[in-house]
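Heads up, the chain below is alone and in the form predicted on its own; it's given as structure tokens.
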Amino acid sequence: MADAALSTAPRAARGGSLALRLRQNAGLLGAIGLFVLFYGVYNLYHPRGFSQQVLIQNANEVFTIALVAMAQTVPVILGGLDLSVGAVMTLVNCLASHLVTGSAGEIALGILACLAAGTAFGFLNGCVVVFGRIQPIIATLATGAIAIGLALFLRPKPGGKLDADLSWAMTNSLGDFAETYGLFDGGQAPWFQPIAGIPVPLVLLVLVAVCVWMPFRRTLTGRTVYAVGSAEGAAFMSGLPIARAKLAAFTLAGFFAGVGGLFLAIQTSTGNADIPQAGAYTLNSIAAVVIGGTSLLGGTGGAVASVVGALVLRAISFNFRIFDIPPLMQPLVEGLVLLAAVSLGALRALRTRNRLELFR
């Protein structure tokens, strides 16, 4: 009997661990469910639903908001908000319209310069927050205005022209990418065919998440970001590098926003210092973070969850086209979905608070 009890103990522990993980990721699981629902309905009613062309179009529309949502996530985990992510994206978009053209070497240098500009602006945000001791929401409101001013200086009017081959290759399938640059026998290699139809933006999104966000999250600095968001005082008493974590968080946010702005320039083949667009991307990035289950109080969540939140937002807008929702009704529908997501995310905290009331 004792042996039987010992053998069931590991199973019970595994079951408890699984239940705990499900509770901890309830927000993310809910967001995934919403995306499956809205995107499934969209494809069912779309005349060309569940096709490669629709998937490529959707991937292009999702990429930029997903990167801006990732940019917003890191400061939110830290316990703050970055109101400059849309402006930094717009700045890099305008910069790319000047630099990403010419020979292959010039294009490569232009891409690096655009990413460096976004990263440097994020580092500037971090310096203002850390050394200026200013609240992130105030600091980034000011620096965002600076970014928009620089974008307007670069592009007073929409314009510019990016490399046409690059724009085509980066906004279509892997097969089109290989054919454009003569890779893998022009995309006809037998081993390449099973993946040739995958949209390039989707591959880029996975690469950014796997090669940038996940390694950062596992570093000491990445773990410190979570610790600061949970309890900055405790993190300080533990001797964690708080200043370095804050600088890294805003720098990484600038990098993600820069990637989003660069892709937007490649997608549209132009630069546009659109102030309303910058504000809309910033607000949507916050919404995506919340829908993905990341707490605005800091300390929990992740960039991948925010990508799912961005997918939910875009899936909702896709359905507007299919069901011909009047433009004046669209913000109402989006607001109701966001309110439902926020309410579900707050339910766990409410239950915890109710339990604590018993000990008073």
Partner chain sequence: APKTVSGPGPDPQCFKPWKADTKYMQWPKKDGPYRVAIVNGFVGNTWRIQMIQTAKAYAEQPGMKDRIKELKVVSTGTDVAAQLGAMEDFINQGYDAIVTIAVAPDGFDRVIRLADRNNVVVVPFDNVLDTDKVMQVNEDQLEIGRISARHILKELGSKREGKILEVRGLPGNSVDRDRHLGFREVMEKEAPKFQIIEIVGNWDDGTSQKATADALAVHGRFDAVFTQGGSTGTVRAMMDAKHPFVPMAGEAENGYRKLIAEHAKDGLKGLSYGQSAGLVAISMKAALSALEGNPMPQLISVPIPVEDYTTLKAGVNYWPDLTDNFFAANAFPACGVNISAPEIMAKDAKNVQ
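This is a predicted model, so every value here is computed, not measured. Numbering follows the first chain given and starts at 1.
A second form of this protein, the form predicted in complex with the partner chain, is not displayed here; the remarks below concern that form.
Not displayed here, the partner chain is kept clear of Ile32 by more than 4.5 Å at the level of heavy atoms in the model of the complex. Contact annotation: Leu252 falls outside 4.5 Å of the partner chain in the model of the complex, judged by heavy atom distances.
Proximity of Phe121 to the partner chain in the model of the complex falls outside the 4.5 Å heavy atom cutoff. By the criterion of a heavy atom within 4.5 Å, Thr268 is counted among the residues contacting the partner chain in the model of the complex. Heavy atoms within 4.5 Å of the partner chain in the model of the complex are found in exactly one of 253-261, 190-198, 106-114, 270-278, that being 270-278.
Along 45-64, these residues reach a heavy atom to within 4.5 Å of the partner chain in the model of the complex: His46, Pro47, Arg48, Gln53, Val54, Ile56, Gln57, Asn60, Glu61.
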